[in-house]
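Next up is one chain by itself, shown in structure tokens, the form predicted alone.
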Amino acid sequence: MLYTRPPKVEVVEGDVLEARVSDIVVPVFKGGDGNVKLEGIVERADSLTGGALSRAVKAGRFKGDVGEVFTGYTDDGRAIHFVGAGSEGDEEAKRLENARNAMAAAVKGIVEKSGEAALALKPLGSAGAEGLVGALLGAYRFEAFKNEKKAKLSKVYVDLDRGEAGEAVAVAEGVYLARDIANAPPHEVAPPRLAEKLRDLFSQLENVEVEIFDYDRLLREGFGGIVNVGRGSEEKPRLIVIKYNGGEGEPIALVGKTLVFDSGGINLKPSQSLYEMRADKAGGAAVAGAAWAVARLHLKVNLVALLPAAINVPSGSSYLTSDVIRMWDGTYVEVTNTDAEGRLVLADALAYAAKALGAREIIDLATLTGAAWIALGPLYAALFTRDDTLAKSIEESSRRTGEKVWRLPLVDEYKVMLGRKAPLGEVANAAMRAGGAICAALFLERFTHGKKWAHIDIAGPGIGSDAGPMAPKYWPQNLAPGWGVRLLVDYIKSKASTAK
């Protein structure tokens, strides 16, 4: 089942309008006056369609809005899809997002109609590679469990630099992997199976090793958070550690919450909240996808991705409220809510990354709190860190990739409640409903042991299904979008250089 592959990409040296394919996509810009610009490749493509676009513009049937598509046909029956790409005068971040949205919108309209297509990306200038990323992500289909599979776009021809095209493909592959993991039915990727699938998959890559902590080892080495959260399920938890050795020095660690399914445990969730909990593994999915892309790009960096994988369900062996758990680093945590389980598995993995793996910095992603979703909605993730330089770097990557973050405070005054709610232990796993996302971040910070650290709560965009018409056009409908892969890869690129 893992994993779906994006369409193949072939770079063409000549005029993309001469490609012998049934569908060609051409981006169209607006000028400073707001009018559609009919020049260059757009003018030539319009001529091939007998002036169909210029007539549509004159009649007001095509205004060049981002993602708006108008199709004309050549004498030999090829379809040329003109797609609005915004204004050439837009600032860089907006131009990049416009390119992604424009090419995704065009591809979504043809993905089930055509096996091959040509994309004119040179007109997008420096946003051309991001246009290809958008196109590839727009072509994503998750049909592993459908008997009647729709036709798919299998190949695209592009007029990009080969290096740019290769980088776009590697990033898209990482997002595809993250989407597959996040959206997979729980039974297909129960922790033991997910671990083996990832070991098999990453064995294809250079300088990568996968270490799997099975249940006995987790018990033996004292990973109390991971063990207790997952002990109610017959499918016992795993800690999956993906190591990429591409550089020198201490690694960057990525930690992703990988709750294959979260029922809430004994503190059972209401039924309307349960369906989307298959995507409670979106954080782990993102760090796996980022690790894949980083390895495919041969970046000069050492990276370790940790996926603490568990299923949180009630049974006769489930952990209980008022249980006191001894974590991997020796901290005693009193369980005040079994539905605050994500921070327990993350805490063990964070401490292990900090103390055993010697990470120089740690970034964790987690669909952690409804509070972050309520505060920021389905498009923004909450960013927590005390390091202003780290925050600035992540925010810059956010602007470049369009994966939006909003920094929230770590309020020290709230720490007192983590202790006060734990009369039996040292700290409670859940303390206050108000400021819930902040309290969760403060809990996690305790287990980072002074390392440079950022926590990104992706409860909204990680699941993503409630974004509806607000979502970027390159997100799949009603599915987790693989949020965070591109953000993490861009950030890691800024800390490394290309080796090959």
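Residues carry their position along the shown sequence, with the first being 1. Since the structure is predicted, the reported quantities are computational estimates derived from the model, not experimental observations.
Below, we refer to the form predicted together with a small molecule, which is not included among the displayed structures.
Listed stretches are 95 to 103, 367 to 375, 291 to 299, 236 to 244; the contact stretch with the small molecule in the model of the complex is 367 to 375, by a heavy atom cutoff of 4.5 Å.
Under a 4.5 angstroms non-hydrogen atom cutoff, the small molecule in the model of the complex has Ala459 among its neighbouring residues. Although the partner is absent from this view, Ala340 contacts the small molecule in the model of the complex, with a non-hydrogen atom inside 4.5 angstroms. In the model of the complex, Glu403 stays away from the small molecule, with no heavy atom inside 4.5 Å. When the small molecule is considered in the model of the complex, Ala430 lines it closely, a heavy atom lying within 4.5 Å.
The contact residue chosen from Leu383, Ala190, Met277, Ala170 relative to the small molecule in the model of the complex is Met277, the criterion being a non-hydrogen atom within 4.5 angstroms. This chain appears without its partner; in the model of the complex, the one residue of Lys155, Lys113, Lys355, Lys269 with a heavy atom within 4.5 Å of the small molecule is Lys269.
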